[in-house]
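Here we start with a single chain on its own, the form predicted alone, put down as structure tokens.
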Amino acid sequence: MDTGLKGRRALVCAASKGLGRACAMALAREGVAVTITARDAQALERTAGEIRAATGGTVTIAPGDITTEAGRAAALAACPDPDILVNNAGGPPPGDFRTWDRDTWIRAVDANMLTPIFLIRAVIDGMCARRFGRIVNITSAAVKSPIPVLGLSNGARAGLTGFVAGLARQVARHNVTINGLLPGPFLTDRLRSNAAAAASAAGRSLEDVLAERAQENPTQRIGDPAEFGEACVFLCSAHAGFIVGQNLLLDGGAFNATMG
């Protein structure tokens, strides 16, 4: 299928690894000129080289912390008029809400709610004027099925989802869509590190813990980040203009419900 994306420009946040990298790779394969952000400049340059080698595409890097004003300014300077914005940032730590002070909450809200909103604000009017825009917010399956120890993430990401639900309906008439991608278990560095910690605490091997987690999923496996990237491409495609304000759950069926 021709996605209609060749020649478009995309800003993909937190894209040196994991799901952000998968989205950038998949978009580059469709002929999109991609700008990627991350805090680690060396890792970012490494990823940019890998995407160029795999796709022959144009990849620009914008090192910096996207959750800060300076980081956002650097990203927007590198890609001032994106047709596509993929919002992504690392999730806040787990824990017990009784131990979280105001500063902890503010950091979570800054990273996982306000940063995407500020980036949307910076690009949305240009998208509307050009009559094409695709914004994809990478949030979490916890938006639909909250995880008790991830209260910071549950709260901040649900706030973003609620805000976007209203805005998406306001800009859809300009062929600008805003949707969410909600990942469940994907084989990323974050999942591996969490599994390694669980394995160490239980005196088990990492392989055993990963195998157990795979068996818990209806698909009997953990997701491949490349699958996530392809879902992102579809939401960004010229054919997805009638998908507005939706939250697509990619979790292998782990969330058990008749209707999402």
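We number the residues from 1 along the sequence you see. Here the structure is a predicted model, which means the values were calculated and not measured.
Here the subject shifts to the form predicted together with a small molecule, a form of this protein not shown in this document.
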| query | finding |
| --- | --- |
| Sole residue of I138, C79, M127, V164 within 4.5 Å of the small molecule in the predicted bound form, by heavy atom | I138 |
| Candidate from M25, A10, A14, L249 lying within 4.5 Å of the small molecule in the predicted bound form - any heavy atom | A14 |
| 4.5 Å heavy atom contact, N88 and the small molecule in the predicted bound form | yes |
| Contact label in the predicted bound form: D65 to the small molecule, heavy atom within 4.5 Å | yes |
| Distance check, V32 to the small molecule in the predicted bound form, heavy atom within 4.5 Å | no |
| The small molecule contact at V209 in the predicted bound form, heavy atom, 4.5 Å | no |
| The small molecule in the predicted bound form: contacting segment from 195-203, 231-239, 39-47, 53-61, heavy atom within 4.5 Å | 39-47 |
| Triple contact flag P116, F118 and V123 to the small molecule in the predicted bound form, non-hydrogen atom at 4.5 angstroms | no |
